[in-house]
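Below: one protein chain in two forms, given as structure tokens, structure 1 then structure 2.
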Structure 1
Amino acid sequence: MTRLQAQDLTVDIAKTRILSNVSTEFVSGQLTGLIGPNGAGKSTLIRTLCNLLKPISGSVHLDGKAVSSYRRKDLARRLSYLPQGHIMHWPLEVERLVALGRLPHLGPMQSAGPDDQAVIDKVMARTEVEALRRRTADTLSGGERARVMLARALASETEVLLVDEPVASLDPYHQLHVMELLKGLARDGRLVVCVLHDLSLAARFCDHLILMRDGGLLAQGPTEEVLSEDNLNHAFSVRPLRGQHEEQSFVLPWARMPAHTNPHS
């Protein structure tokens, strides 16, 4: 069982406090959604979890060992991070792009072998991008690009997968597709954390939710509990619409709260 723990994280960026005293824990087999309004500190939390940002106090532990004390390659073999925006600076061939995920497993001058190729084929099949193998990245649609980048992260074969806004700017079909993939990975026993803006996707797919606001945690726990009326009012200043369909509950942000009750103003 993999365990990723954050203890009393306080993070400053350019002398501005972004996170203060955040403590939480993630375990394998669960898809945890990180939700909250813009500027709540979701991306900062996720980047601190993968040791890209140094907290000014507090610590992140992966299986009892501080992430900052792992050797770079060792951490890279255990934890992969998919930044938001699906950055690709060069129009690489899709297969080569996915193969970049194997870099943590290769020596400095070693090139990818048949075992690596088998992993690459497997993750491309899982994310349904095999047909795009020889295409260059600049010719992909948004949905294709999102799945290719997910395949790249999966190619590292890590137990922990941290994903920042994987469905942003995707159409509904591709949003569902990516969420199903993430859910499936969690069902296979991985630890998956995902930043989301869409409350209905969070409600349907996530096992646990962490609700952030102003650099702190407003609520964390099972999805149903976190998406309470009070929490949504307080975090997003919206009144939700709730419903049931096919024995699953959904939440839609329905209306803004009146200005005098709006904690945002």
Structure 2
Amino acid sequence: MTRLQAQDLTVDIAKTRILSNVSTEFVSGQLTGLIGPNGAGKSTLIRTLCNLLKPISGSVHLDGKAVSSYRRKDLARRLSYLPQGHIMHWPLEVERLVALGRLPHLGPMQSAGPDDQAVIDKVMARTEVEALRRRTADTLSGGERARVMLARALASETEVLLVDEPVASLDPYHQLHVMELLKGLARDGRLVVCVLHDLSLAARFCDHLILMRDGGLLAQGPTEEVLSEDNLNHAFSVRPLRGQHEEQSFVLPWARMPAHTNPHS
């Protein structure tokens, strides 16, 4: 079993405290969602987990070894990260962009071989971007770019996948498709962590949730427990609507709380 552990993480950015003494653990075989209001520290936590931000105190360990002690290429073979925003600096063809995900598995000056091409073709099919193969990245819509960048992350075939708001720019069909794909990866034994704002998708697809607010953890555990009315009131200042369809529970943010009961006021 793969384990990614954060212990007492405290992170400052531009002299501002973003995370305060955050401790949590992620394990393979389940899809974990990171949820919380804007500015809660979700993206900072996920960037610290993959060693892109250095905590002022605390540590992150992957299977007992500090991620800060890994060589960059060795960590890239085990952990892949998909940031939000999908900024592309060069007008590469989509297939070449996806192929960049194979770089951690190639030696210096080594070109992708038939096995690498098979992986590239597979992940492009899974993310439904084969028809974009010869398009250049600068001609894609926001949703198309999001799916291409997910394909690049999947091409690394790492055991740990950290994704930050992967459905933010997608239409409803592709939101469901991406969440089904991430759930399937977790079911296949990967360790998958996903930052989400859509509580209905979190409720439906995530096995485990971590609810953040003000740089700390408000709740963590099984999805249904974390999405309690008290937690949602406290974290988001909203009243949820709950229901069940096809033997699955759903949660919708339904109304803002009145000003006199709003914990943010």
Partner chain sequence: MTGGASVAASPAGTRRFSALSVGGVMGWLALLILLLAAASLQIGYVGFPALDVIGAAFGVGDAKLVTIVQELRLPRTLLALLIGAAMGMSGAVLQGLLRNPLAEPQVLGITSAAGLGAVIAIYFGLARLFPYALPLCAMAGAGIVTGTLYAIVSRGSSGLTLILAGVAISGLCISLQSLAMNLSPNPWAVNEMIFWLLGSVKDRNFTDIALAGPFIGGGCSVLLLAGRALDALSLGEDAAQNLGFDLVRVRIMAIVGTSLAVGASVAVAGGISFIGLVVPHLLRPFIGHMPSRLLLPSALAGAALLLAADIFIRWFDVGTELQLGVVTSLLGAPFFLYLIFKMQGRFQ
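Rigid core (definition): largest C-alpha set, two forms, superposition within 1.5 Å. Here, a residue number simply tells you its place in the sequence of structure 1, counted from 1. Note that the structure is predicted; figures quoted are calculated from it, not measured.
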| field | Structure identified as the form predicted on its own | value | 2
| task | Just grab the Cα shift of residue 130 between the two structures for me, core aligned, in angstrom. | result | 2.3
